[in-house]
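Given next, in structure tokens, is a single chain: the form predicted alone.
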Amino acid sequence: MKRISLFFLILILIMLLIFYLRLFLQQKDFMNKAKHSNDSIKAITYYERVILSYIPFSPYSREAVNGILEKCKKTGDDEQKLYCYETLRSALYQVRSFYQPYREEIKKLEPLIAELKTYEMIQWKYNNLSEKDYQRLYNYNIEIMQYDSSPSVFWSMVSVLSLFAWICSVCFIILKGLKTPINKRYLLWGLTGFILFFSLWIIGLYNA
């Protein structure tokens, strides 16, 4: 049994390592394309893909964030600058898991985006707005961006763990409870575990 467990543990580690290397090489490829692209929009898209392929401890993720910021600063057009900052912010939020990478960068981006959006709203000819409305609109934009609609970390963890637990309960029922002859004690334990963890999984999903 120990040998089987060790085998599966090594197998999982190897698969994780292969998956990590694949993403690392993918990031490297996108970085090269971004650096050699003469088109700013294409370069930003490649930098965005590097960020979306985020893996911990990879230097390419930070390099891609800096690459997009550099492109944002260079552009003189407010519309493109807004697109640039929003692309970066969106990409960073998309790689959030149980923690948020580059949280400080997001905090720096939000006032810049709010400012650009506010001026865009004022300058739009169909809006009857002026500079007097700036602060009200800015507060409105920053409030929307800083609204935290992320799922509960606690209930997300409960959902994941209870999912794993009820799957294990089913395996336990099949492997131990449904032997010939049927082991009623294991079957009862398995069913109890399944009902308990399945219910917890549903509650976790609802509250997350």
Partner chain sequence: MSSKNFPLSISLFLIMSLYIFSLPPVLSTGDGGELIAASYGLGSPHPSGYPLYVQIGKIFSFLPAGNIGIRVELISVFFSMLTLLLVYSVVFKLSGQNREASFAAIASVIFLALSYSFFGQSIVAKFYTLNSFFVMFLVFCGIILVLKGYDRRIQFIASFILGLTLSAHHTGFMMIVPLGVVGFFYCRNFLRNLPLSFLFFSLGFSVNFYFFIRDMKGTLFSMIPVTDLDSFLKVFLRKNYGAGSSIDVTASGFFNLYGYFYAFKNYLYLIEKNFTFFSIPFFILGVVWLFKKSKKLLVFVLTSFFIYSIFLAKLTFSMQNPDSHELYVIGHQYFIPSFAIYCGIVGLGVYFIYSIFEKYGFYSLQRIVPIIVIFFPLLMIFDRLTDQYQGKNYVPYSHTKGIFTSLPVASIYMTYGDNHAFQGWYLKLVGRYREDICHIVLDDYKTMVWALHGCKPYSLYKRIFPEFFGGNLIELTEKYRYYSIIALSEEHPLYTVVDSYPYFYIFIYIGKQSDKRDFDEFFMERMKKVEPFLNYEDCLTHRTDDVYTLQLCNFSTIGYISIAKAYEKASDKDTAEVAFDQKLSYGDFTAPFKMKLKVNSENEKYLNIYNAVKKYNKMNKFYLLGKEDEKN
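In this text, all values refer to a predicted model and were calculated from it rather than measured experimentally. The term rigid core refers to the maximal set of C-alpha atoms that superpose within 1.5 Å between the two forms. Residue numbers count along the first chain shown, from 1.
We do not show the form predicted together with its partner chain, though everything after this point is about it.
Its partner chain in the predicted complex comes within 4.5 Å of no heavy atom belonging to residue 28. Contact check for residue 22: a heavy atom falls within 4.5 Å of its partner chain in the predicted complex.
In the predicted complex, its partner chain sits within 4.5 Å of a heavy atom of residue 149.
Contact annotation for residue 132: none of its heavy atoms lies within 4.5 Å of its partner chain in the predicted complex.
In the predicted complex, 171, 173, 174, 175, 178, 179, 180, 182, 194, 198, 201, 202 are the residues of 171 to 203 with at least one heavy atom within 4.5 Å of its partner chain, listed from first to last. After superposing the rigid core, the Cα of residue 140 is displaced by less than 2 Å between the shown form and the other one. Core-aligned CA deviation for residue 159 between the shown form and the other one: 2 Å or greater.
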